[in-house]
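Taking the form predicted alone, here's one chain by itself in structure tokens.
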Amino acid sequence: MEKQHLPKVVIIGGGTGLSVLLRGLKQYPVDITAIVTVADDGGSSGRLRNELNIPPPGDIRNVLAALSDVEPLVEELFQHRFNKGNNLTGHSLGNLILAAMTTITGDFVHAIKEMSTVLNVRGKVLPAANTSVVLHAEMEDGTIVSGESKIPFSGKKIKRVYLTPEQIEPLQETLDVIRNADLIILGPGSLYTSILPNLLVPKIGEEVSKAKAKKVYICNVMTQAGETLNYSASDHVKALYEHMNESFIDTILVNEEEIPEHIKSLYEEELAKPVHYDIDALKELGLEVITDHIVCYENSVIRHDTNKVAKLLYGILQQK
């Protein structure tokens, strides 16, 4: 099928969850655009962001790798993280290449497009903005915590998150792909630090809300201490609605598989537990609820099963 006739799928997020999902979805005949957060300020990304005054490349790097169609060794090279060398330790080669390409081209978006060509990326990768943004959280006690990497460690309950500077321009291309999408997917990923930083970029959340596409939220399997402690599935959705000041999701995808006890006990050490799927509350919010066994385990870490989730999402597209 020619690309212009393929169903257009827009996926919004960041972190590991987005990359995992894309690896499965790229196997289907769909035109993928990933919109990726630029609020990261920790690790290698944070260092490059501060030293070179460029948007953080880490989440973009992971998405490029997930959508790439190159020899495994090339992807491994791109994802290689140095563990020796005073100034190199902690940096991944892909981050350094994206930083270098940004310096050469003078533009982060241009750098991503050039790397997409080099890595034979299936789809399009767009940053939520062509500049760094700072994520702030207002806690329930009124205190403000600034910095995406610091928010989960505040030990307090988040009331809301917001971005600075106030004047952030999204790419026109990003707004266009949202308007023309057949399916918009949010998540999986950290609610306050991976998904909302995209929607809070001026005009992006608004365009998502009014887009004609069906909107699917892939709910996290486990809660996250410092972000969603004790949150039910409907709490996740309500947080999205409160930040956008409207209801805008059509469908939620939730896991119905029981998590093994030995995995749960490992997560309990991080104060994380399975998200309670309050189906009735979700239906009261007007959502179509799709439940399935959609998790897998890698070295005792819970991940969404990329193939299962991709199949379900493609099924939603075919219904349309």
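Each residue number is its position in the shown sequence, starting from 1. Fair warning: this is a prediction, and the values are worked out from it, not measured in the lab.
The next section is about a form of this same protein that is not shown, the form predicted together with another copy of the chain.
At least one heavy atom of Glu51 is located within 4.5 Å of another copy of the chain in the model of the complex.
Proximity of His80 to another copy of the chain in the model of the complex: non-hydrogen atoms within 4.5 Å are present. Another copy of the chain is not shown here, and in the model of the complex it never comes within 4.5 Å of any heavy atom of Ile184.
Not displayed here, another copy of the chain is approached by Glu71 to within 4.5 Å at the level of heavy atoms in the model of the complex. Residues of just one listed stretch (202-210, 84-92, 164-172, 189-197) have heavy atoms within 4.5 Å of another copy of the chain in the model of the complex: 84-92.
Each of Arg47, Ala99 and Glu114 places at least one heavy atom within 4.5 Å of another copy of the chain in the model of the complex. Put simply, of Ser149, Thr131, Thr103, Asn180 only one has a heavy atom within 4.5 Å of another copy of the chain in the model of the complex, and it is Thr103. Residue in contact with another copy of the chain in the model of the complex (any heavy atom within 4.5 Å), chosen from Asp176, Asp235, Glu242, Glu76: Glu76.
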